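Two forms, one protein chain; structure tokens for each follow separately as structure 1 and structure 2.
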Structure 1
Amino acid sequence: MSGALGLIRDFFVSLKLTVALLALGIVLIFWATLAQTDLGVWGVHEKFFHSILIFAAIPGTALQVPIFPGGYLIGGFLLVNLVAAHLSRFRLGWKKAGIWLTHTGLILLLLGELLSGLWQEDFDTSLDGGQTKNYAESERYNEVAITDATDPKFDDVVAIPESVIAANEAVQHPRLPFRVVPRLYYPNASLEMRRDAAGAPPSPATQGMGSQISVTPLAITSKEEERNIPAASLELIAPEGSLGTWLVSPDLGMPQHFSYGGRDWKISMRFQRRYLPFSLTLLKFSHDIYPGTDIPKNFSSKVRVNAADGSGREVLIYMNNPMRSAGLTFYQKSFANEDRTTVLQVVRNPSWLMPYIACTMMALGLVLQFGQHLAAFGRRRRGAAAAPAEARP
């Protein structure tokens, strides 16, 4: 191996690197735990763990500089370090099978965390008693939905993620006969009837209800119990010219209708939706309390899962007993509306099995490793006991 590659290998297989990375990891977790007070759990995830580097502004300037390795960098290096050290130090063989299993389990655990970070999606769906829904809504992300509602049986929806609007990118989608051009975007805002907001600047909206509403930008919140409610002004531009500008925000609560090209359209900004391959009907939500107290004992939702082919089955979802279906996991999360509405958390994580497999492998590996040692120790003791007396000290 050439000198340079040899140096790199020595760096990556070094046990000192392992210790340094673990120390950095401890600092990162401690720092992130403290930062959760200001940033909230999602903010900490994004800034500390789902990042290559952690940036901070130089005091007095807006210049952002990296100051610490992020979770992906530390985890990535740890992974490379572990695999490299493994390949360069250990040889295949029964005697090392326990170590192999344990380390492979650890590698899987690290990979599983990486894949969860990349792939996991969290949604909520709230159902009133008797209500049927075929979608869940994101806890954090929003989208602009432009719907061709002409057909009486179905809606054709073009969903534009909020991040596209935030990036001020015009959207020309083959399903839309017009371009969607963001004119204004606030990541968090409050809406007020214009009449109640004396001195509000003129509205950029020329169509729909936006012209009667004034928008006040608010500071972005990262508190766990709060949610940013964005607002945006979108101009729709058809080949023959502008159709007007609409104000959209999840706070408006309903889509705005317009007609263009002989078709019925709806435009709205809403919580990002994930449509399910089936629909759910809430049959009964139960909130049991310990008798004579207000202390909750159990929350459960009896739902019917209605498949596309018309068949259905009943499922009881309760704490620590989620429903798994079509790659989605439905957890009992919360309730509202005086116990009439249930809130289910819907999680999609294709790598959800990896931690289970990893932990099983690690446990087996450790049992094997220590079992081998125990067996060898036992053999040595028996050997020592059988040895002739003169051979003893």
Structure 2
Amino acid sequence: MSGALGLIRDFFVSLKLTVALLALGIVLIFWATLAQTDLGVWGVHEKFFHSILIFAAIPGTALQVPIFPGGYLIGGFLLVNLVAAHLSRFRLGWKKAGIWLTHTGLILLLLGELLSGLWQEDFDTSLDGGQTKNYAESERYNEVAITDATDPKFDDVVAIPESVIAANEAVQHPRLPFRVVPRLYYPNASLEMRRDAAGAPPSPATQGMGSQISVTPLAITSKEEERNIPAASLELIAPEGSLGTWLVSPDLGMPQHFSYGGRDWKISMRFQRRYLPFSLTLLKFSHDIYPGTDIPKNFSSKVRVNAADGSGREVLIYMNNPMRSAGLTFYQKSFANEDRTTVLQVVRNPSWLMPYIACTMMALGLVLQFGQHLAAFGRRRRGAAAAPAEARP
């Protein structure tokens, strides 16, 4: 192969490229580790590892320019480099079976990390003793919920993602007799009663409790122990005209009620929910400590999994022993309210098996390769020992 195609092949199979990518990866990990103090875990993931390029602002301006390759770019080039070098240099055969198996496992490991970054979803569910829930809530994302609460036995909910509100997109849902038009959005804000704030600006709402509240925008935070609390004002517009503007925020707590078209409605902004194919009931939460200390020894939650057909089973969830069901994994994460509330992390990751398969293949490949070399070394030693014996008369 010659010409441009040959240069491209030589570039991607080059060992120098491998070394350069590994060096860039080391710098990226070190940089991200330092940045975690300010950005938190999720901020570091998004900026450094789940990105093609890392951007920074030019001092004194708001212009963002790329300054370093991100995790997706480095990992993608490593994957191409590994596959290209493997196909170019190694031939199928029993003697290379260990290398093939090890490299295939490494390729699966890289693909698994990519798919986890693209597909994995993380939610939390908090349960008090005896409480039953059929949903989990996001730590990072929010949604506006507009609920038809006319039927006391059933809530018909229309959930609008926060991203739609942030994009200032009007929403006309088939189940809503009015349009939802965003008028104001802050990704992070503080709320205060206007009567308690001297010189407070006018409220962005004309209806509900929001008309008595002032909103102050805050800087976005990425720290792990903090959370952005958004706020938005939404105007509801019916065919006959405006129904008013409502302030929504997770900080408001309870939904706000109003009536329209002979039906009862509720509007609120809440943490984004993921509904489960079953419900969970907390039977018992245990917080064990080492005797004579306050050092945690174990957290465990005994829950009942209630299926839709009325059947159920009891499961004990504790540290390093999650529950897997319906494609979801439930981990014991934390607790609250003086041991009265358990917090379970709910993870959906369709590619969760890939790292286990990849590591198993790599281990088997290394054992096979080492075993072949050990056997060959043993044969050479036996052959060397037998040669002097044959030479003697």
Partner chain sequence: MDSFRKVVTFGSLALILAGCRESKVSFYRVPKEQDPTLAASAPDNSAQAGPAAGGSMSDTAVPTAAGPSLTWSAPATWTAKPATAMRKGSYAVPGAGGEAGDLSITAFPGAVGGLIANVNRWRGQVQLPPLADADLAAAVTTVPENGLQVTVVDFSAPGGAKRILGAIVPFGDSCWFFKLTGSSALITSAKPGFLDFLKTIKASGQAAAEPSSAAPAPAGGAAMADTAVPTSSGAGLAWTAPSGWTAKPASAMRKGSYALAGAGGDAGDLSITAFPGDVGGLLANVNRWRGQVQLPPLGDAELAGAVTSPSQGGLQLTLVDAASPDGSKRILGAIVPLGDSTWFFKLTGTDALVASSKPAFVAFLRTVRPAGP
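Quantities reported herein were computed from a predicted structural model and do not represent experimental measurements. Between two forms, the rigid core is the largest collection of C-alphas that superpose within 1.5 Å. For residue numbers, the reference is structure 1: its sequence is counted from 1.
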Identity of the form predicted together with the partner chain, given as 1 or 2: 1
D309 C-alpha shift between the two structures of 2 Å or more, rigid core reference: no
Rigid-core frame, C-alpha of D251, shift of 2 angstroms or more between the two structures: no
Core-aligned CA displacement of T150 at least 2 Å between the two structures: yes
Core-fitted comparison between the two structures - CA shift at R175, Å: 3.0
